[in-house]
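We begin with a single chain expressed as structure tokens, specifically the form predicted alone.
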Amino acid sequence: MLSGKRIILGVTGGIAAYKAVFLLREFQKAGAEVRVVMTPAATRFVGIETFTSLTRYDVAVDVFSGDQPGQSWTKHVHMGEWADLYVIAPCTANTLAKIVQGASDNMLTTTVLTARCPILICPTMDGEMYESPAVSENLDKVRKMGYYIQEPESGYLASGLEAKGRLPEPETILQRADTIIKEHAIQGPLTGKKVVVTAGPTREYIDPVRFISNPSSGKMGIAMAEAARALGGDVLLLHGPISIQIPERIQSIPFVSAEELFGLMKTHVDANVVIMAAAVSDFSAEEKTDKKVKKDQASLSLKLKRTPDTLQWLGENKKKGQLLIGFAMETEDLIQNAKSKLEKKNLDWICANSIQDEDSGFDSDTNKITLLGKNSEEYFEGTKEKIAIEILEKIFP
């Protein structure tokens, strides 16, 4: 239901906080990646370690926290950009009032202010509290602010009374979350399509400290991933060893060698669109040593073997309806070599990438690319982000 979706689960300090653990597990079973934020009061009902163990991510509580050294005070900004949906379950009357007033005294309320995604609030409290004029007014206000409300259910409450105020069952919240995400999904030519993009270099190790590689920064591949997401695609980025930051909103998996990339592509070969922008080494050392080779013991020649040709394999095993986009970077006869590669590897499109100019190619923020199809040729120039969206808009008008 929620495969590949990113959800922030906000937990506030009510007795129903223990149910958030079960809700988290249901989100994960539905395929979502979940990160948790808690109010300080919530930690009195459920320990931080419980959510940390289940999500394998640090739990954010305070904006400034000396006991959480790995937590940046800007984490609320990154999470607000990362998520597809922010679910606050349970949401106490106290936190509801803070949201209405725009308070930002903990990581949960601060992240509400930075969230770029829809927010689903699940008010959960004793029945008399829920029916009080103040809570009713605050619920009306958050609805007008554009937030979603999941009405509580009636039943036996912690006070021993029967009333409306129970946290709904996880299945109910999951269904509502799925509906909201679909309502807010980016609509474009890639909506509903799985897109796999590769970026960056490979490293073919000779010994633990030496390797064969290239100067690829991964900038063009990341730009292609961002462009595919902007056109509605469900994007997965496979990236080599790069130093630039990958946007939080892009799901990513790292690789090191051409062999590792080949294995990952076999796993994700069912993608609707594959964009192979990584600079993959054609050769690796025939023998790799476990210890550093000393200078006085090393041979002056290095025997090489070919690495797996992932692009060739993809072309030979192309699925029905699958679109395969490659990149060609040449020092001479760029267009001729790119056309040959397009035909030989059974590609639908190829981006012929010039590296002869200073403002194009490896590590540059700008690029010059000729997009070649079976019966098409078009030139693009500018920043890599601009070119990436123009290329995909040409391919997916």
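Residue numbers run from 1 along the displayed sequence. Keep in mind the model is a prediction, meaning the values are calculated, not measured.
The next section is about a form of this same protein that is not shown, the form predicted together with ligand CTP.
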Candidate stretches 141 to 149, 310 to 318, 100 to 108, 166 to 174, one within 4.5 Å of ligand CTP in the predicted bound form by heavy atom: 310 to 318
In the predicted bound form, the one of 372, 59, 328, 34 near ligand CTP [non-hydrogen atom within 4.5 angstroms]: 328
Listed residue that, although ligand CTP is not shown, lies within 4.5 Å of it in the predicted bound form (heavy atoms), from 183, 282, 162, 81: 282
is_contact(residue 276, ligand CTP) in the predicted bound form, heavy atom dist at most 4.5 Å: yes
Ligand CTP contact at residue 345 in the predicted bound form, heavy atom, 4.5 Å: yes
Contact label in the predicted bound form: residue 341 to ligand CTP, heavy atom within 4.5 Å: yes
